[in-house]
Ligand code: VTB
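Take a look at this single chain, the form predicted on its own, given in structure tokens.
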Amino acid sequence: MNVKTTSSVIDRILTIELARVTERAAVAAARLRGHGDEKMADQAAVDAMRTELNNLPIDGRVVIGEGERDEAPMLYIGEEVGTRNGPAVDIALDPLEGTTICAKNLPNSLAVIALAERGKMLYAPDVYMDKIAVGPGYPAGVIDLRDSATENIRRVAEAKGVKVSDINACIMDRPRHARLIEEVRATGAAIRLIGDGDVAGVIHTTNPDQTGIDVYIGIGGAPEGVLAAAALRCTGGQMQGRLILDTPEKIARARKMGIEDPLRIYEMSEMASGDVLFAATGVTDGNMLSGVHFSRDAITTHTVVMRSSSGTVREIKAVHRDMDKFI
């Protein structure tokens, strides 16, 4: 009998199958686009993603999910998914990235999942994370959370060979970012403010010619930070994250997950290492992915699937004529 490594099994079995997981979640959420009910759309995506995950030939463990077990009935942190006949893998997921976006039918809502060999993803509590990210092609160390936004943007512009005024930064439009926004604008750089969906915001740095975003800066969810790091591992780029553990309760929760240093800055490879797969399907139309389109006799989805070890990025535009599967 031939013994296969975890990586080879991931490559052979799961690269395309992972797309089916995000496709199903995206379609379920898309049926509720623009209805104004964030919870209903999110629950539909969760139910659909969990159903499809349990069809995968994996021994899966959710490390980034819908919350801790007492907060979420399914896809909670620690839940075991899959058929249990396959490689042992850790899973980070967000069945509906940008719930508000979906509820309002605005751009860039996604269904997102990342998968890695067991023990290769940061086991992060559901807290905020300070983040900075750029796409591929820059020298190592071009960004550093220890430095000001002004200094980071200056270095990115210098490395790109352009003026600071040619740099576009993506920042979430939140009151907590008021000073950051003021500082970035003072440099002369432009800002793309987003209302939600910071996984998409980070991913957009990987293709600035298409998305118009060079650097992502600001505070967002730690789970989304791990997902974004997984995507950057596959496409190239740099990212740093620092958990915001500003209360004794948060520090205690983090310690239970093995995090001893509340001030530690995590590099991208510390948040997602080893052989990583990442998949995202558009729920609403966006800069990189089209949303789910419904017609009388078919459903069309647009998915990107990435693998870190090969650097392969596959775009899958699928027409699903077996519509009963998505009911």
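Predicted, not measured: the structure shown is a model, and the values here were computed from it. In this text, residue numbers run from 1 along the sequence as written.
What comes next is about the form predicted together with this ligand, which is not displayed.
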property	result
Contact residue in the model of the complex, chosen from R253, R118, K163, R174 - any heavy atom within 4.5 Å of this ligand	R174
Output flag, Y128, G197 and E224 jointly within 4.5 Å of this ligand in the model of the complex, heavy atom basis	yes
Which of 214-222, 231-239, 79-87, 144-152 lines the interface with this ligand in the model of the complex (heavy atom within 4.5 Å)	214-222
Exercise: G98 in contact with this ligand in the model of the complex, heavy atom 4.5 Å	yes
